[in-house]
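This document starts with one chain, in the form predicted alone, laid out as structure tokens.
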Amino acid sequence: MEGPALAPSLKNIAPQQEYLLQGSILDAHTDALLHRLRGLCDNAESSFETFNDYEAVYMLRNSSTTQQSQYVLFRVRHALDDPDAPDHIRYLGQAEMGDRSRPTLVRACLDVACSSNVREFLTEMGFRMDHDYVAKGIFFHKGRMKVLVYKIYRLIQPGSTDQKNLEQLGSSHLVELSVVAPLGQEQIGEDMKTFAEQLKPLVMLEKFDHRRLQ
């Protein structure tokens, strides 16, 4: 089977890190947060964008170890509102939580565009779909920072993105503040912390250890 066409070539991609803060806000207060973001972000009245994405998470367990935590995850995202756009495959490393002085979560990140047969390719490689969902929301830019405000929808029937098959989860929107940058740019974390302070008390953006949720 022909593998997915990754673009650009993986060998030409410099090591990247994602700096991340996360929080949530009740649906009833989301409009107030969006109003605040329009005032804080770059040309927000004309440049904010909506998204409606389907994401499937594929897992490959390491059969040579008895530890259940040994696995690899790849995330494949497809834009439902732009069917002609390429799919994206994303790898996220384990969060670096050792340095408590860091204001944000930091993890390795690799994100590339790929052909539409990437899911079949991962299955042939031995990956199995762990879960999938639809994310709908809005994102803003503040310099190199990206702010996402979005809702997660569970697929009642996995793989089907028909509107009747979507079930919203909870009564809150998720909020993410992130930057993807080359290694060694620690000042980013301080800039993100400063920006997050301006969103209080509407939303408290913090760094979460996702390993505690597994």
Partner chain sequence: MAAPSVNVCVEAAIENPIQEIRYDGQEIHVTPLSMSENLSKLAHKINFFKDESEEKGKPTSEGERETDEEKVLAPFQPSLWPWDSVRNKLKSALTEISVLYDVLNIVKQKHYMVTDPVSQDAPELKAPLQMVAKKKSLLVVCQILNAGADWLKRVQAEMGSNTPDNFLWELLQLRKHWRLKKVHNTILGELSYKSAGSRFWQGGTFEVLKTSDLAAEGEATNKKSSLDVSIPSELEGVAYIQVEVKSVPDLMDLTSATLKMPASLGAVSPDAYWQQKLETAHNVLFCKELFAQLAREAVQVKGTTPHMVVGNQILTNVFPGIQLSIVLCHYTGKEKKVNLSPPKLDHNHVLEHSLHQLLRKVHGNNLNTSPPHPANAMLGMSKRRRLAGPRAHSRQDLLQMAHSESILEQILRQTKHAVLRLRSMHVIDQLATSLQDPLICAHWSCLNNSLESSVRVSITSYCYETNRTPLILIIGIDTIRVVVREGRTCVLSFEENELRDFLQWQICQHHAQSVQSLAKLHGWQVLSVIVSSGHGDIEPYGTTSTVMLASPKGNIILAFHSSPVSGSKLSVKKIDTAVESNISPAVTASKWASLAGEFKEVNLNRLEGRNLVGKVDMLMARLTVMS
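Nothing here was measured: the structure is a model prediction, and the numbers come from that model. Residue numbers count along the first chain shown, from 1.
FYI, the form predicted in complex with the partner chain isn't displayed, but the following is about it.
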Mark V57 yes when one of its heavy atoms lies within 4.5 Å of a heavy atom of the partner chain in the predicted bound form, and no otherwise.
no
Is R128 close to the partner chain in the predicted bound form, meaning a heavy atom pair under 4.5 Å apart or at it?
no
Although the partner isn't part of this model, could you tell me whether R107 comes within 4.5 Å of the partner chain in the predicted bound form, counting any heavy atom of the residue?
no
Is F121 part of the interface with the partner chain in the predicted bound form - any heavy atom within 4.5 Å?
no
Could you tell me which of 155-163, 23-31, 183-191, 49-57 sits within 4.5 Å of the partner chain in the predicted bound form, going by non-hydrogen atoms?
49-57
Of R61, K151, R38, K146, which residue is found within 4.5 angstroms of the partner chain in the predicted bound form when only non-hydrogen atoms are counted?
K146
Using a 4.5 Å heavy atom cutoff, which residues in 112-143 contact the partner chain in the predicted bound form? It's fine if the answer is none.
A113, C114, S115, F139, H141, G143
